[in-house]
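Only one chain is given next, in structure tokens, and it is the form predicted alone.
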């Protein structure tokens, strides 16, 4: 269509982009992190990823059939949900736990609200929060890069990750953690692809990461020169959450001002939970809390109508 401006009822501006294309491009951007996770932790990570994807896709198809709705697996949204959930899980987690998380993410986190575009919360993070509440032991047993179980079971590797881990280890993924969050270089490669392609903007990731870094520097126990604030940025799921989950179109604000506020809230809650909460990792709950605030942010940051004060 050569003429993209159509004088009619909305939408007025047409583009070649579609929800399906966006979902598949985000999935493509996550491939480097998945490859890195499988390389670092072994084939057990691959089975977790495949189980998460297959369970999510089958659940979506089954529920859409039961609802009498069109089966829309081609749009890639269910696959992306299963992939993101798997990236948030330890590599040694039992496969039946992964399947339960994917079923919850799709059935309760997405389809219960009406399907794609209607959900309030990020489905993958809703699934992870459910698993952490239901089976905390499985969700807090970590595998190190050499394939042996760590001696310490904790809510997150942040509990003891300060010991013997360098910043280079964090960049290349030589540490324990969830499958898709450990290799920062792979995540940044995917994030750069999304930014340069225009699928996400800088507003949420920048305000999220900057707020978390500044907050943990200002209120953390160490000084600026110790680098604890940088450790907080590079560890846990902050990079994965900031670029690939907080930027979800459905559960994030529409305006640039709203995105900055949203990212600020995510970073603030992440810092508060990490420094003073009983659970050392805060990214998942921070994003879910701000998902709930998203309608309010949209209401107070919407642009004024043309010709009005």
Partner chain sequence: MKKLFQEFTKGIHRENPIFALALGLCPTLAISTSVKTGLGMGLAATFVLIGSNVIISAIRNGIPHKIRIPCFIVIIATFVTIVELVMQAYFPPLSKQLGIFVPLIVVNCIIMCRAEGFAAKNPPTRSLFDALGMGAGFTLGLVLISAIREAIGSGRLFGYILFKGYQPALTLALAPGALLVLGLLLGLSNLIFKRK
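Residue numbers count along the first chain shown, from 1. Bear in mind that the values here come from a model prediction, so they are computed numbers and not experimental data.
Not pictured, yet referred to below: the form predicted in complex with the partner chain.
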Exercise for the section: Could you tell me which of 181-189, 81-89, 234-242, 103-111 sits within 4.5 Å of the partner chain in the predicted bound form, going by non-hydrogen atoms? Expected result: 103-111
Handout entry: Contact flag, residue 134 vs the partner chain in the predicted bound form, heavy atom cut 4.5 Å
Key = yes
Exercise for the section: Report yes if any heavy atom of residue 138 sits within 4.5 Å of a heavy atom of the partner chain in the predicted bound form; otherwise report no. Expected result: yes
Exercise for the section: Check whether residue 217 has any heavy atom within 4.5 Å of a heavy atom of the partner chain in the predicted bound form, and answer yes or no. Expected result: no
Exercise for the section: Mark residue 96 yes when one of its heavy atoms lies within 4.5 Å of a heavy atom of the partner chain in the predicted bound form, and no otherwise. Expected result: yes
Problem - Interface residue in the predicted bound form among 171, 130, 193, 206, criterion: non-hydrogen atom within 4.5 angstroms of the partner chain - result: 130
Problem - Stretch 63-86: residues contacting the partner chain in the predicted bound form, 4.5 Å heavy atom cut-off - result: none
